[in-house]
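Listed next as structure tokens is one chain, alone, in the form predicted on its own.
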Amino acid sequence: MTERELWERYQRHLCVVPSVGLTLDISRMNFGADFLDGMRPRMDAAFQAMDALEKGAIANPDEKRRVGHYWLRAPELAPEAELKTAITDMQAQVAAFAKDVHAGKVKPAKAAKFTQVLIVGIGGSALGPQLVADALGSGRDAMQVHFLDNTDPDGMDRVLNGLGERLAETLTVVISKSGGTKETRNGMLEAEAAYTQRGLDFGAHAVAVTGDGSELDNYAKGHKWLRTFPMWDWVGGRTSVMSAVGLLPAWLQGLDVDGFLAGAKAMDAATRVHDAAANPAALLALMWFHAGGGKGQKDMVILPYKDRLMLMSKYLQQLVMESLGKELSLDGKVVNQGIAVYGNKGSTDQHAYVQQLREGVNNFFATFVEVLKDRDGRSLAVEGENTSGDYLLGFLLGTRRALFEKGRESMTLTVPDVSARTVGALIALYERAVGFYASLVNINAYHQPGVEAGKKAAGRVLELQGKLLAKLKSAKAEARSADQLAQDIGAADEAETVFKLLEHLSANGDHGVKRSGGARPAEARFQSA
């Protein structure tokens, strides 16, 4: 394809969304002239399914739930007046609470006011707030935000020790819809212990975002926490950033929440259009289908050329992979769908994995994210008249060209800036693209049975650990191998898991397990210290 032909293809296929200043360029995706027309029946069905979803149809048949994250930025579209009221009440309540915190009306007992926010959550209860906080935050924020988003003891120590004396002026927000998520429960207990160690009443520094009547809801009310805010079963964790899950941290941080919601609402309006060529979410879904043959055969590489969007790929990993990585179709057939997502930031990527993208295995398609505005104010000329931002764009366009020369497909999203409105629009764009793609390949995008299977397996592992510890304590003097102990507790076919548990127990002093013998698994012996 000549440069002139590529220019003409660019103009022909460029999707422009004036309401949010976004464009989507699909010209470097190598779909044929008849692809879009050929996909029209499937896309029309996807449009109809999305319309029904927004009107309140059951869109998650496995759990018999509606899917209502689109109503969070347009409460007037909620199918019942009660839902509209619940959403608007939540929005007003989180805004008023944050205002009272900033004004010192809600304050800690041993400090003048709250200056820090500690978010305890995992998955969608952390990734969305993290993306928003990092993309929109600054040193001028009303409060600084920190996260406990894993059950890694050392990771929690780093955050809590980093807060140090500021824990007295830290408001902790614990987020869990069910209230039974173990990683979040653990983070909450670790935070509570840190407050107690400093002579602080945790409840006087804590807020919950959770489902009504959940374990967390009952715990928070029983321990007289400052406040609880709602989560609903019609909002999934990975699409919850515009519920109290994301709005409360954003308000506390002092971000432009109204702009964030307005950007998402504007993108929703643009992506309801039943014309794929004019609908950026439909085009994304169609390009994903084209690139992977409708079977996820190629990975999605997200390359935002902006430091503030560095967490975009991490956020999209969950949104895309948890939504689309499904074993069964809606008809119950084994399809093993999904799209792997990874990414970095430009131009860091050029010093990381672009070498492989250009010359290695061609198993991906890239999405470049270009931000037109470099910074607030004028930039320094670093070489001749060129600024650092000029170089950043040069690297983006150069990398895109280098990939195209080798037949590597890519799309380019261009946005005006990294404002609250733009971030809201980007999130809404990908939420709907995921829903469209799920319809194209006939899967349920709104459940996660694989995650639940992992949780059950983890429960079994901890059950084995309990049996192991009981056995070791009852036979204090005798050092035994992993095989022997596995047989002792009736888990002979799980000897490897037993060995891994013993290896971990003996490396930490929490349970009094000692290891002796050789380095190989068969040589190792374990006993109660």
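Computed from a prediction, not measured in an experiment: that's the story for all the values here. Start at 1 and count along the sequence shown; that's the residue number.
There is another form of this protein, the form predicted in complex with a small molecule, and it is not shown here; the text below is about that form.
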(Q) Within 4.5 Å, heavy atoms only: does residue 340 come near the small molecule in the model of the complex? (A) no
Q. Is there a non-hydrogen atom of residue 122 within 4.5 angstroms of a non-hydrogen atom of the small molecule in the model of the complex?
A. yes
Q.
Test of understanding: in the model of the complex, would residue 176 fall inside 4.5 Å of the small molecule by heavy atoms?
A. yes
**Q.** Contact test in the model of the complex: residue 238 vs the small molecule, heavy atoms, 4.5 Å
**A.** yes
Q | Interface stretch in the model of the complex with the small molecule - options 359-367, 272-280, 89-97, 315-323, non-hydrogen atom within 4.5 Å | A | 315-323
Q) Though the small molecule is not shown, can you say which of 451, 142, 189, 106 has a heavy atom within 4.5 Å of it in the model of the complex? A) 451
Q | Single option in 198, 223, 110, 455 placed near the small molecule in the model of the complex, where near means a heavy atom within 4.5 Å | A | 455
